[in-house]
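Take a look at this single chain in C-alpha cells; it is the form predicted on its own.
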Amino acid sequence: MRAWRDFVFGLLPISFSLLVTALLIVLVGKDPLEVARVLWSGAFGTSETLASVVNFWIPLTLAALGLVVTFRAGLWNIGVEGQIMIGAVAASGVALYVKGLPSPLLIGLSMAAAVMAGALLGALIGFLKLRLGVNEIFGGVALNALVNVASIYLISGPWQPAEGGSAQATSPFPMDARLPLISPIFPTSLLMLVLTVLAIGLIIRLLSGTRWGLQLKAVGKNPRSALLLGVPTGRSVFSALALCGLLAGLGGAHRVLDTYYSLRPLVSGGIGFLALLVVLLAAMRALWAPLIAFVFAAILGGTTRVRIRLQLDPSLAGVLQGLIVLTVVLFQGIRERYFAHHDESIEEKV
C-alpha cells in the first residue's frame, strides 16, 4: 500500500504540471499536442539531438549525484555551481598550457586537475563550516562568486586569445586536449558516458551498502545524536562535500573538453542549481536522480526546436520545471500532513 502511495505521489505532480503547461499553451493559441511532438523531435528526432541531450545529462547527473551525497549528510551544497566552474577552469589550464603529451595523457591530466580542483573547493566549504562556523550555504554562494570572477579575469586577461582581449572565451583547445567522440553522427564522449554510469553505481553502492553511507544518514538525521553514538560527524561532513566537489569538477571538465572546447564565462550554465531541483524531485535517492536529470535534459534540448518551429518563448522549459518543483513540494507537504503519522505508527508496530 505504501509503495503504491509513493508511486502516486511521485506521478501526480508531474501529471498536474503537464496539464497546467498544456493549458498555458492553449491560452497562447498553440496546440499542446503539436508542442509535445516538436519537443520530442527536438530531443530525440536525430542522433545529433539525442547526443546533445546526453551531453547535458552527463554533467547534470554528476552534479546531482554529488548533491545526493551532501543532502544525505544534511548539507545544502549551493557551492556545487562553483565546483563545476573550478573544474572547468582547472581542465582548461591544462588543455591550454601543457604541451608535448600524448592525447590520452593530456586528457587524463586535464580531468585529474578538474576533479582535484572541485574536491578542494568542496573541502574548503567543509573547512569553513567545521572550523570557522560558516554555514555551507553562505560559504558556497561566496565561493561561487569568487570562482566566477576568477574565470572572467583569466578569460579576459592571462588566458585571452592571441588575437586580443575578449571576455567571450579563451582560444579553442588543441585537438589533442579534446575528448574523442563516439562518432560524427553521435557526437558525445564514450569515456564520459562510461564514467558517469560508473559514478551512478558507485554512489548507490556507497550510500546503501557501506558504513560510510550509514554514517552520512545518521549525521543528516541528527548530528548531535550521531556524535554521541561515536559517528565522526566532522569527517563525514568533510568527505561528503569533497566527494560532491569531485563529481562536479568532473562535470566541469566535460563542459570544456567535450561541449565547448574552450573556457567561457558561466561555463557551468546553471547546471549546479538545476541539479538541486533534480535531487529534490528525486527525494534524495541516487537511483532516481539520473532518470530525472535525463527528463530535464530532454526538456531543455527539445525547447530549442519548439522556439524555432512554433515561435514559442524559450522560457517554456523554465515554466514546466518550476511547475514540477512547485507541485512536488505541494504534494510532499500533503503527504507529510496526512500520511506521515500513519506511516510512523505502522513502523512502530512492526
Partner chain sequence: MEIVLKNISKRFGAVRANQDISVAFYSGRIVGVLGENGAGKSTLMKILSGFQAADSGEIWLDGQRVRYRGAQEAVRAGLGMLQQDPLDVPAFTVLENFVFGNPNLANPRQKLAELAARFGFHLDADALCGQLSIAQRQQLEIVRLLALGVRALILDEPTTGISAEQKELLFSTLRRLAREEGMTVLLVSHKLEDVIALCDEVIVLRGGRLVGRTSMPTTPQALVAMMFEELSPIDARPSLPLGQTALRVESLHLHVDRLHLHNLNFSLRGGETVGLAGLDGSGQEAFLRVCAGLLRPQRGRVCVGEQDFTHRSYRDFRRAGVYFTAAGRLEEGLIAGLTLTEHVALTDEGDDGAAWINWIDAEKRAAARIARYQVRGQPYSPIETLSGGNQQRVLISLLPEHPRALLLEQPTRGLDVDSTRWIWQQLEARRQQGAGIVFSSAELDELVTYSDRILVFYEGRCVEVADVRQTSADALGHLIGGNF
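Computed from a predicted structure; not experimentally measured. Residue numbers count along the first chain shown, from 1.
A second form of this protein, the form predicted in complex with the partner chain, is not displayed here; the remarks below concern that form.
- Of the listed positions (210, 103, 168, 171), a single one reaches within 4.5 angstroms of the partner chain by any non-hydrogen atom in the predicted bound form, namely 210.
- Scanning 226, 73, 111, 243 against the partner chain in the predicted bound form with a 4.5 Å heavy atom cut-off leaves one residue, 226.
- The stretch among 257-265, 191-199, 84-92, 218-226 whose residues place heavy atoms within 4.5 Å of the partner chain in the predicted bound form is 218-226.
- Taking the partner from the other structure, the partner chain in the predicted bound form has no heavy atom within 4.5 Å of any heavy atom of residue 184.
- Taking the partner from the other structure, the partner chain in the predicted bound form has a heavy atom within 4.5 Å of a heavy atom of residue 231.
- Contact between residue 214 and the partner chain in the predicted bound form is found at the 4.5 Å heavy atom cutoff.
- Counting a residue when any of its non-hydrogen atoms is within 4.5 Å of the partner chain in the predicted bound form, there are no hits in 266-287.
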